[in-house]
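Here we start with a single chain on its own, the form predicted alone, put down as structure tokens.
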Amino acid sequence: MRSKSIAIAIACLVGSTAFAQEFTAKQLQGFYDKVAPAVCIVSYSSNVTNPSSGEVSKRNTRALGLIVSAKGLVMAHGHMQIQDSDPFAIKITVGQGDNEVEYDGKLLTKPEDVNVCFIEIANNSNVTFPFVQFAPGPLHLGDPIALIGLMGDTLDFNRSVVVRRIGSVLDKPRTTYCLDERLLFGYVGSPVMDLAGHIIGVIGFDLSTQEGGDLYVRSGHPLVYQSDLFAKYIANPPGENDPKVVNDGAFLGVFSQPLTDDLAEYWKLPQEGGIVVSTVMPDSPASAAGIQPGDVIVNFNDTPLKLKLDREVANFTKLVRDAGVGKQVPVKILRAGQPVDTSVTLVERPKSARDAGEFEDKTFGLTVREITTDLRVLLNLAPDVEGVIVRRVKSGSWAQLGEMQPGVIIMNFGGQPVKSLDDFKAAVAKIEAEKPAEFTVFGRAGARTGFFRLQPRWNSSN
């Protein structure tokens, strides 16, 4: 009995000693002195669109920025650039107190595989800015980390140091480090220091699917974005109008959901998880392989699928993307409870709705997008339905007065057939040149088609 008690005591002592590692005051002061000058304030306005009504409202916001190059490249939290929000009038405030200097900022193209954005300071005087240099560093459960964030406006946005720990480590669909506590907004984007004194990442929040997140959607909790997720963008910053930096990969062509225990019980299948195929895209690898709606994929490319939760579907998406374009992979499915073996030859991912081209028509107040394959499937559009889809309608515009709404598919604009963005631009230019007192737009809303009548007041501003 005595030896058992000693063993328990030793185990507790070892565990508490491992968890007792803490930063010293000297380490925190050194962290602050070295990194705080690179923490800046990003001020900007956003036009936020209500996706249902198309109404646009303006918001003014401040956020933490982190200077990551001597020339003035700034990294900020990725929620600056989300679906239905367009930032403008960006200002970067560097320094504190009497040493504050404000610069104009130019927003660069946002990466798709990590929720951060990059801003270029207008450095007309060739100023050398203080900046943070990152180093790779593994984290483990219970590790302490130090952060530098911004306090509130009543405290003059002073820089402040806090200490947190890694509360959880997730390994799918990529390694993700979760903090043990929530944080104030002023610490989102803050640099992260480990016990060795290395700046190993920044604090971030993943996008939810409603905000435009796709593969990496561990949303709702502060995470450490380790430096290897964004180092390539610091080394080679994206341009202002570059095509979106997308997470490319292979494409199967299905919409899916997890095989929950309830579904398995209803279909009298083993409660071992899997991927239920809800929709098969036409002309896709899945369609060519004979995969059907209702099939349950239980093994893909020799990897068993045990998915039971919605959030686990991202693991399957990553598995497909990483399999390789042009590769033929084996697939095992259950069809009406019976095993079926097939194979698919994966192709390059087609452009998705998130990557679709967009055009803002300032004359009539319409912002339209091209129709992509995934959008066509979601809206149940036949292959012969061509046009552009309305994303936004400016409040008080001629288009809104003509009762046009987001979601309408424009197929003819003022007598001009519309099959693409270029067709729409050409139709707008023709009407602007002719200036008719009235013209019609033929479109589709849901399953119904009809006409919208627009009556421009050419001598007034819309």
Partner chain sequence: MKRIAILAASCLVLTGCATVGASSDASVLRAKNKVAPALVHIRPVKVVFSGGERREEAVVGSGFIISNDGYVVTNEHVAGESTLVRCVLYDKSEFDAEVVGVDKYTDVAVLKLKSDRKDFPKVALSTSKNLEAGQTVLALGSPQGLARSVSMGIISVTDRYLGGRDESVAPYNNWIQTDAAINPGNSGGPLVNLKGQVVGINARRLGGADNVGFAIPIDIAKQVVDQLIEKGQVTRSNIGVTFQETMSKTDDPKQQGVVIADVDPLSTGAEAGLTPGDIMLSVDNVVTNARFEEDLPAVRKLIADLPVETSVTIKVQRGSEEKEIAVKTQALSDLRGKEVDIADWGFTVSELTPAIVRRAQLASSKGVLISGVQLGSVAGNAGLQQGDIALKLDEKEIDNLDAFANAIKDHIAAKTKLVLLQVKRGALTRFVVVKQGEPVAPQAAAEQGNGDNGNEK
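Numbering follows the first chain given and starts at 1. Here the rigid core means the biggest group of C-alpha atoms that line up within 1.5 Å when the two forms are laid on top of each other. Since the structure is predicted, the reported quantities are computational estimates derived from the model, not experimental observations.
The form predicted in complex with the partner chain exists for this protein as well; it is not shown, and the discussion that follows is about that form.
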Exercise for the section: Just give me the single entry in Ser256, Ser160, Asn315, Ser227 that has a non-hydrogen atom within 4.5 angstroms of the partner chain in the predicted bound form. Expected result: Ser256
Practice task
May I ask you to choose, among Glu265, Asp171, Asp322, Asp302, the residue with a heavy atom within 4.5 Å of the partner chain in the predicted bound form?
Solution key: Glu265
Completion exercise
Given 275-283, 197-205, 107-115, 362-370, the stretch touching the partner chain in the predicted bound form at heavy atoms within 4.5 Å is 275-283
Exercise for the section: May I ask you to check whether Gln338 falls inside a 4.5 Å heavy atom distance of the partner chain in the predicted bound form? Expected result: no
Exercise for the section: Evaluate Ala231 for contact with the partner chain in the predicted bound form, applying a 4.5 angstroms cut-off between non-hydrogen atoms, and reply yes or no. Expected result: no
Exercise for the section: Decide whether Ala25 counts as a contact residue for the partner chain in the predicted bound form under a heavy atom distance cut-off of 4.5 Å. Expected result: no
Problem - Close approach of Pro238 to the partner chain in the predicted bound form, 4.5 Å, heavy atom - result: no
Exercise for the section: Could you list which residues of 433-457 come within 4.5 Å of the partner chain in the predicted bound form, counting heavy atoms only? Expected result: Glu438, Thr440, Phe442, Arg444, Ala445, Ala447, Arg448, Thr449, Gly450, Phe451, Phe452, Arg453, Gln455
Practice task
Using a superposition on the rigid core, decide whether the Cα position of Pro258 changes by 2 angstroms or more between the shown form and the other one.
Solution key: yes
Problem - Core fit, then Asp384 C-alpha moves 2 Å or more between the shown form and the other one - result: yes
Exercise for the section: With both forms fitted on the core, give yes or no for whether the Cα of Asp156 moves by 2 angstroms or more between the shown form and the other one. Expected result: no
